[in-house]
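This document starts with one chain, in the form predicted alone, laid out as structure tokens.
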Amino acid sequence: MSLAAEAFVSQIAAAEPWPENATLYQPLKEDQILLSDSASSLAVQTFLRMCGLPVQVSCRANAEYMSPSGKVPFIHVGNQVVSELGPIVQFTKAKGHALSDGLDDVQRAEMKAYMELVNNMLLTAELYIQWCDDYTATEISRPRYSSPYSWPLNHVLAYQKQWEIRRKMNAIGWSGKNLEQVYEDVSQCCQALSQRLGTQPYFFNKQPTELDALVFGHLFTILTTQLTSDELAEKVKSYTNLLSFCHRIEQTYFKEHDREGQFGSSHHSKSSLP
């Protein structure tokens, strides 16, 4: 399809209203999904709830391979399939649903800078802990990631994924880090977020933006996911305003019956926020 044809299709899609059967796809919640994918999925769900857009969550063992970018989550809206938070934000904006339209240019640039910080520090730290810490990879990541598949495919896919992430860590200069250095990076990221948030309900005062959805997705998941060590969650717990922020968004956008469905207990999840 030509670029002009793609643009025309996108315009037609943008003109269509948000359907009631929009679906978000992610890996299996109970047995397969890992910290980083769970955080990314929760960030997208939170963003859509902040926009008032309904979405059904569908857990599929092959969600990663269904995604057009090879990353989860992705949404299926009408005849459009869009993956990852950034493109999903742009997609909803084309349909007339945006959270950051009230920001000026300086604020919008600042918001994007903090979103880059979260992706470059928190998301990268989650991936490092999952796949570069041998104990976590052995006890949690490889067994969960490969759980839907039988031998020998389960081992092939798990080690292939671990090799892929370790190659990425080498490319960005993280392969030489140890766990303590990664935890310190997380702490510095949380400190920057805590200082920016201050006593405000959201990062840009009274109205949430996609930054709030992204930060909540990662912090809430870190706080409620059982890993081989509590060190990662303890770094977040050091910042009381970030804890209050997570409680606030959970209470505002996830009702009691929703939380049971979305954050239902499993051996991989803790029962609630601290």
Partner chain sequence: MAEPMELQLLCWGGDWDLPSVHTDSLVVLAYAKFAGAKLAVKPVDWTWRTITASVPQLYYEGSTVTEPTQILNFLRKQSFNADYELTAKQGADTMAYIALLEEKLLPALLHTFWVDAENYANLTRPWFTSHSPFPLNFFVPGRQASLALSRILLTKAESPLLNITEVEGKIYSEAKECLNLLSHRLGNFRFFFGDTPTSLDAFVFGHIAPLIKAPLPSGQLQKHLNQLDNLCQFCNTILKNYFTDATTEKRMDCSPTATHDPVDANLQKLTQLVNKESNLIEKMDDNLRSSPQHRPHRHEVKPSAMASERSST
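Positions refer to the first chain, counted from 1. As the structure is a prediction and not an experimental result, all values here were calculated from the model.
Heads up, the form predicted together with its partner chain isn't pictured, but that's what we're talking about next.
Of the listed positions (Lys168, Lys93, His76, Lys161), a single one reaches within 4.5 angstroms of its partner chain by any non-hydrogen atom in the model of the complex, namely Lys168. Here is the short version: of Ser58, Ser69, Thr240, Ser229, the single residue with a heavy atom within 4.5 Å of its partner chain in the model of the complex is Ser69. Only one listed stretch (100-108, 125-133, 138-146, 152-160) carries heavy atoms within 4.5 Å of its partner chain in the model of the complex, and that stretch is 100-108. Proximity of Cys189 to its partner chain in the model of the complex: non-hydrogen atoms within 4.5 Å are present.
Its partner chain in the model of the complex is approached by Met121, whose closest heavy atom lies within 4.5 angstroms of it. Using a 4.5 angstroms limit between non-hydrogen atoms, Tyr114 touches its partner chain in the model of the complex. Ser175 falls outside the set of residues with a heavy atom inside 4.5 Å of its partner chain in the model of the complex. Although its partner chain is not shown here, in the model of the complex the stretch 18-35 places no heavy atom of any residue within 4.5 Å of it.
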